[in-house]
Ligand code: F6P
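Take a look at this single chain in structure tokens; it is the form predicted on its own.
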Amino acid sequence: MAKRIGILTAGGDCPGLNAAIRGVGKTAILNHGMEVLGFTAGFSGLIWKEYIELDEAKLSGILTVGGTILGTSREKPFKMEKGEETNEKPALIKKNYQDLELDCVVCIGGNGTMKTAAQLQKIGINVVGIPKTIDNDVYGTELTFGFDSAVSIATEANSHQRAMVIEVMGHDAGWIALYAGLAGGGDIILIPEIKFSMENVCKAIEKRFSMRKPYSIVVVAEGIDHPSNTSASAYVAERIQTLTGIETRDTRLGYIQRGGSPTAMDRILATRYGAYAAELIAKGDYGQMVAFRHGKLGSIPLDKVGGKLSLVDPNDQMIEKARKMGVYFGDE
């Protein structure tokens, strides 16, 4: 008997969401004869029974389009709002799931989404997760779609001035800063996982100037240790200019990294994730998150993912090689 599934996109916007929706939908419809519903605005659509029917026509032409045709939200159905005595949202979700005769819901999102998906599985709703985030910090997978697009945007933003401080997103993970810094020719990379001092940063810049290298690019992750009343890049730029007297400019890329058309790599990864999720559903292998590990697609139980982060290992070989090429991390 053909299965009936739902798809939702939750959390922040991210390049590649439409590619993932398309990957799930086309594989489910064309290979397995499934019916596919798309819930609008993340978990809100599942709570309030707001959805559209997805057929092959609706899934065509969306591969390269940024954003998500379903919309997204940061709704957390298991979170009690201030002043609430009871939380009816999980019960509403389960009722809608049963009323719509669904066999599974595909939840596309980051860490918070995977945590919610695991909670849904525990109350009797079949779920498969697909990891997306520009931060690349979802536990259990080496790569999330959206990351490559964010790195590409950050890399293109690197411009040469006396001292240029470029802030990229990433929350508590330094993946974007590390990859963008290496791909864009960054001279200094500051990430949350490596403790740095501004004195060391300034010494490195002064050393470069003494070697007749008049330009320095400093790539800064937003989650580095800095005063809360300013941005990471503004803090670093101010300290450099004050301590060295070298003219310094700062740029915050911000939400520009979340939008636009996904890179070819993200389109392919999101499509592969989506297709793999549909295959898991066809086999009845629920409660899993699609994951890319050791160069292969696979899956990991959702209950092993929630509440954990994938962070940069300060002893990673990539960092070691970058140091040998003269990249500074502010800790030496």
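Everything quoted here is computed from the prediction, not taken from an experiment. The first residue of the shown sequence is 1; numbering continues from there.
If you look for the form predicted in complex with 6-O-phosphono-beta-D-fructofuranose, you will not find it shown, but the lines that follow are about it.
Trainee: Contact with 6-O-phosphono-beta-D-fructofuranose in the model of the complex for D148, defined as at least one heavy atom pair within 4.5 Å: yes or no?
Mentor: Close contact is absent here: in the model of the complex, D148 is far from 6-O-phosphono-beta-D-fructofuranose, nothing within 4.5 Å, heavy atoms only.
Trainee: So, S233 and 6-O-phosphono-beta-D-fructofuranose: in the model of the complex, are they within 4.5 Å at any heavy atom pair?
Mentor: Flag for S233 set to no.
Trainee: Given that the partner is absent here, does T133 sit within 4.5 Å of 6-O-phosphono-beta-D-fructofuranose in the model of the complex, heavy atoms only?
Mentor: Looking in the model of the complex, residue contacts with 6-O-phosphono-beta-D-fructofuranose include T133, since a heavy atom lies within 4.5 Å.
Trainee: Verify the contact flag for E222: yes if a non-hydrogen atom of it lies within 4.5 Å of a non-hydrogen atom of 6-O-phosphono-beta-D-fructofuranose in the model of the complex, no if not.
Mentor: Yes, contact at 4.5 Å.
Trainee: With 6-O-phosphono-beta-D-fructofuranose left out here, work out from 209-217, 119-127, 163-171, 98-106 which stretch has heavy atoms within 4.5 Å of it in the model of the complex.
Mentor: Comparing against 6-O-phosphono-beta-D-fructofuranose in the model of the complex, the contact stretch is 163-171.
Trainee: Considering non-hydrogen atoms and a 4.5 Å limit, which listed residue (R239, R74, H226, K203) is close to 6-O-phosphono-beta-D-fructofuranose in the model of the complex?
Mentor: It is R74 that has a heavy atom within 4.5 Å of the partner.
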